[in-house]
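We begin with a single chain expressed as structure tokens, specifically the form predicted alone.
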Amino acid sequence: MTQFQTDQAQLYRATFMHTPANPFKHADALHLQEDGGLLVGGGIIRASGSYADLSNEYPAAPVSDLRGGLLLPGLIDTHVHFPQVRVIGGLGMPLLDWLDQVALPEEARLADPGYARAVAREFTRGLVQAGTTTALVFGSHFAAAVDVFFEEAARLGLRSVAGLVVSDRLLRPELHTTPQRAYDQARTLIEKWHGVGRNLYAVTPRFSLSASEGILEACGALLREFPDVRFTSHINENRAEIGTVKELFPASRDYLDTYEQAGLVTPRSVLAHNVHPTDRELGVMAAHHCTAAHCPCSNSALGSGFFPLRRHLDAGVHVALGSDVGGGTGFSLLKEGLQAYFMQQLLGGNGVPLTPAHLLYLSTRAGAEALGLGDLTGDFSAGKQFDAVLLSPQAGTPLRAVYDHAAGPKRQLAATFATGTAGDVARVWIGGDLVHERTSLND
């Protein structure tokens, strides 16, 4: 480190944990520092290790003491809908009914840019307050609303990957577009926002049920023209949805094939849900290094089914977590981790026993890998951006009692996933910038 960097660096003293390796493949993937130090300069982690070692090596660095809480890498949400924040909690309906009666009427309101801006502020603030520092965001069907979203994400400092949602059938008419307009509007947004600050673009057909071959081909053209943009959509969420897609694409082998034929299955692709995949689909996803975004709260709330995590892992398919707001029940990836744990437990021998290390990985580094950001964020290795969330339960709460009396940090981590909420998020940093702070760490 140069003298200038040393002078500008901050030493964070904290109990911290991260998963620089994949715990589904490495038993020792969870790295823990009970009295740890992270030297941060220019938003980058310059050194990571024990506080004693770093304070000796960098005695002039000012110290920010975060002891009493648990410092984790910033949480990474790989599937969340910007227009749906105001319709969270529409329970009691399966997917297609929920879309028709709850989600799509609200999404149509984002034709008003002023309405879209208010929603974007609520959405981005909700993510950050829950400890989410990076999100793969399903945008709006309206280009002006997507433009507003990127503006608000940049204002707050969120690390966002988002795009214009495109469809041309089976939705409300005002949400439909044409292949040419879908291409033209997305191209304009890519040229304006992709790679600007912390914003990246994701080509986003809603799903094959509402996207014709022409729309999917326009999406494929964008991926070929802009090789570093991302792709996201839905797949195999609900059996009725799957049946309709089969009718709409009679020549396709399965749901994935509708995307495959358009050149949309790549290492830059994240497909949400995949609750009911075929073996062929899993094999193709693995071969193309495509990610499945597992959204356990939404799968439960909409009755979509149990996510076959073991089949994904056995096939070699990468998996990360998504909140699926508003089909999900909130922004907290802690809650998603807990629900993932519950559902795998209920699957018995067909499930995967998940440990706190698995949940931390799925909520952090797995998402970074899914988005092609593994060299930038997802853990506390030296050279990464300082994206971090400080969990510090408020006085008098059960989680504070666990933190104060736990046998060690691993027990604290388990309790954090079991009972942690956005109220326990004390501070959030993105690229070294403090983007959220609770009024008092000891409230």
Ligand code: GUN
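Start at 1 and count along the sequence shown; that's the residue number. This is a predicted model, so every value here is computed, not measured.
Form predicted in complex with the ligand: not shown, discussed below.
Asks: So the ligand isn't shown here. In the model of the complex, which residue out of 312, 159, 335, 206 has a non-hydrogen atom within 4.5 Å of it?
Replies: Looking at 312, 159, 335, 206 one by one, just 206 meets the 4.5 Å heavy-atom criterion.
Asks: Only one of 95, 102, 175, 297 comes within 4.5 Å of the ligand in the model of the complex by heavy atoms, so just point that one out.
Replies: In short, 95.
Asks: Quick one: 77, 319 and 369 and the ligand in the model of the complex, is every residue within 4.5 Å by at least one heavy atom?
Replies: The answer is no; none of 77, 319 and 369 reaches the ligand.
Asks: If contact means a heavy atom within 4.5 Å, which one of 179-187, 335-343, 351-359, 81-89 is the stretch that engages the ligand in the model of the complex?
Replies: Comparing against the ligand in the model of the complex, the contact stretch is 81-89.
Asks: Is there any non-hydrogen atom of residue 234 lying within 4.5 Å of the ligand in the model of the complex?
Replies: Yes.
Asks: Can residue 324 be called a contact residue for the ligand in the model of the complex at 4.5 Å between heavy atoms?
Replies: Yes, residue 324 is a contact residue.
Asks: So in the model of the complex, does any heavy atom of residue 302 sit within 4.5 Å of the ligand?
Replies: Residue 302: contacts the ligand in the model of the complex.
Asks: Would residue 230 count as a contact of the ligand in the model of the complex, using a 4.5 angstroms cut-off between non-hydrogen atoms?
Replies: Because no heavy atom of residue 230 falls inside 4.5 Å of the ligand in the model of the complex, the answer is no.
Asks: Let me know which residues along 269-283 have a heavy atom within 4.5 Å of the ligand in the model of the complex, or say none if there are none.
Replies: Result: 273 alone.
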